[in-house]
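This document opens with one chain alone, in structure tokens, the form predicted on its own.
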């Protein structure tokens, strides 16, 4: 799988850009705030219909523009395919085209362009809050399993509605009559989410363990543990069993939820932890261990996606190499000898031997001292 080219019109700080890519390594260089990360964001959006920097598509449209156009050609599934998104500032739904044919949702383009992003914020994901770790899971699992993304969207919708009921019940106690229906549906959809996550984390942990052993020379024993609702004794159990266990936990928190007007239990509280030789990285890991563990997870994500789809996803390294010491830089670079890779950095000449170099300045591509929208 590789991105052949991309065309941007009024996307973020790009007014008009057409750019071809190398099927191997593409090094994107330039000072800060010039558009390097925006280019990666466009690549991710083209394949998934989501930005990794904002949840609002309208914010991707260049200020003052009537619309933004993100399109390109991809070689995947053993053929050349085209993708196109048209985004609007506000009030109008976005438009999606696959091979010139209009589609309804991002699920209609599943598998055309898979990406795995690694950015500086990810380096501390094992130390950050649980929401960052859930997001790491959700972004990649949604690409692998469109049904998971549909279940997650449905769960969040029901959860939001339940939150309104809990908050509104002081002024309108009658709304509590419909609360049991929302709880039942939350448990049903939540069971599906737990089932998907348990299997994903098991596979992810097994692959990340291999990378960590290579990284550490086998000096530490890597283990990933998925943590969900305490009444769930086996996340691999049938969904019927999981529904009952979620309902049990919900009942035990019913009074606390009513008093706090908060949704206190469910897979929206899920987390995972990495242990090295039995010690939690989140609680006791050094900075080096945290970074090594995170790199292992990211490389495992790429491998897992490749094993599931039969194609290596496009790997995006957003200024992450500059955050690593030389030893970890070398380890990452030694793992990207296959597939298409995009690397952004601020230091021209540092990695220029890797592949094609693309210089970005003020949303334009530069050749020497001359910049053009090409």
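For clarity, every value in this text was computed on a predicted model and none was experimentally measured. Numbering follows the first chain given and starts at 1.
Below, we turn to the form predicted together with a small molecule, even though it does not appear here.
Contact with the small molecule in the predicted bound form, judged by any heavy atom within 4.5 Å, is made by just one of 34, 308, 51, 335: 34. Checked against the small molecule in the predicted bound form, the candidates 70, 316, 60, 27 yield a single residue with a heavy atom inside 4.5 Å, and that residue is 60. Although the partner is absent here, residue 13 sits close enough that one of its heavy atoms falls within 4.5 Å of the small molecule in the predicted bound form.
Among residues of the shown chain, residue 38 is one whose heavy atoms approach the small molecule to within 4.5 Å in the predicted bound form. Stretch-level contact check against the small molecule in the predicted bound form with heavy atoms at 4.5 Å: of 323-331, 308-316, 43-51, 61-69, the positive one is 61-69. Between residue 37 and residue 292, the Cα distance is smaller in the predicted bound form than in this structure, by no less than 3 angstroms. In summary, the C-alpha positions of residue 31 and residue 292 converge in the predicted bound form, ending up at least 3 angstroms nearer each other than in this conformation.
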